[in-house]
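Before any questions on binding or motion, here is one chain by itself as structure tokens, the form predicted on its own.
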Amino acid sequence: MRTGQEYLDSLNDGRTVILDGEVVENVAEHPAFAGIRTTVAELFDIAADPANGMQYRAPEIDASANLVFSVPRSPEDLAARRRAVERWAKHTHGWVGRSPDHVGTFFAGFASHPEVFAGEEGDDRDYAGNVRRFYERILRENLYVTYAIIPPQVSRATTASGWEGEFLQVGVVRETEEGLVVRGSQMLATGGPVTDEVFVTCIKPLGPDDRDFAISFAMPASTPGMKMYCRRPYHSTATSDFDYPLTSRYDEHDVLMVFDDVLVPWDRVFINRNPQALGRQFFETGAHALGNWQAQTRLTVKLKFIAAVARKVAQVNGTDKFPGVQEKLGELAAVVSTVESALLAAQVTAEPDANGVYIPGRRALYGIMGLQSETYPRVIQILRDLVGGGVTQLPSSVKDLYGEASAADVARYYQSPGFPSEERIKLFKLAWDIIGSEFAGRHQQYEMFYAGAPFVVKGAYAYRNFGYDELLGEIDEFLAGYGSRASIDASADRREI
């Protein structure tokens, strides 16, 4: 189990991260990445400490490994896995969406279903073995893998084969004896600058004309020709931990991955120009359900954290005895409890698949995911209502608490009964970082589109996994139990009585 310091030391490997038009010389030292790399290092230290219960004997490598990467093969395994994921999530309070356990979970699903990665007829390369061996590396080296699985938004109406311009989405330019040469781009490799490896594929369904883009592979973050274009970092403008307590710690950098004729060795290829296998890797391996169950575990921790802030705000403001405020806090409790209940229901209703992997119950899992685009904004709105104007009348920075011209006024006018000014200001600065800062805005967008566009999450995942066919059978049986002629006769009999 590598330590946090070993992880930090690995970041200075020549990876190409582009920020403000320039290549970052050393991600391990650049201030824009200080908060998130420190947080990830802390996660690895937590896992490396046996006292935290995050290690298990992995049968795939016959050695100790991180429990968040395990393949659950019993209800007990699934419960232990959730506790380990929750242990990490509690350290970040749910604010790191692409922590190492997310994509690592997908590979646990992939590796347990190697048959899905078998090549097409005539292609005898060992893609299934590549997946298995890469998963074993995750276990053995405690790797941080992120993914870039969404095409660039050149056109959302068509797939890559219909776009003007060649290889805007990453695809195979040519095949060589050494491997595939790929060119193009892929979106949203969240956390990419501070990861070990980047998994690249496409979750969007592709057609027969998109064969060149139907690929799946993983490459080191330092791969020559592989570039990461960062969105604007929020950590750089966080003036202090006190003023921006979340931004300063948990700002994950979303990046656009660009591939300039990158050679992907054959032993790193999982799917080679096979549109049918592309979707199967997610949905016939259990990876999508397992990965999103990890995500809902993290989200539950995050929502509880936001609820605690809301409750504390009402306490500090002295409004927690007001019926209207209690109603809002009650609604917040109901929303958060619903998410948590669905998470636990998915665990209780889990069943083994054909390969003996316990997959969380899809009805509960995808049902609550279908409401995430409404749930998260509602939680934020409740907190927004409770803080009111308090977050817009805060001192400009922590320096106001100690400045010669400001300290006395800040101490006098920013306090509440039983809560001195520093305590009150600290709480409301935290609330602002949840609802109003750039970090907060990014998180609202992030949670609303976490599993894709809401119409996809509802119309595909929630709809298809609810079990409507069974329910329709019950309705048909009920309707078949009576008819029009029998109803007329029965009505006549009742009138005679």
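Not measured: the values here are computed from a predicted model. We number the residues from 1 along the sequence you see.
Just so it is clear, the following notes concern the form predicted in complex with a small molecule, a form of the same protein that is not shown.
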#### Entry: Site test, Arg98, Arg442 and Tyr446 vs the small molecule in the model of the complex, non-hydrogen atom cutoff 4.5 Å
yes
## Note on the structure
Of the candidate stretches 272-280, 402-410, 324-332, 139-147, the one with residues having heavy atoms within 4.5 Å of the small molecule in the model of the complex is 139-147
### Query
Which one, Arg378, Arg174, Arg156, Arg232, lies within 4.5 Å of the small molecule in the model of the complex by heavy atoms?
Arg156
### Query
Looking at Ala314, Ala79, Leu383, Met187, which is the one with a non-hydrogen atom within 4.5 Å of the small molecule in the model of the complex?
Met187
### Query
At the 4.5 Å heavy atom threshold, is Ala453 in contact with the small molecule in the model of the complex?
yes
### Query
Quick one: does Arg133 come within 4.5 Å of the small molecule in the model of the complex, counting heavy atoms only?
no
### Task
Please check if Asp254 has a heavy atom lying within 4.5 Å of any heavy atom of the small molecule in the model of the complex.
yes
### Query
Does at least one non-hydrogen atom of Arg363 fall within 4.5 angstroms of the small molecule in the model of the complex?
no
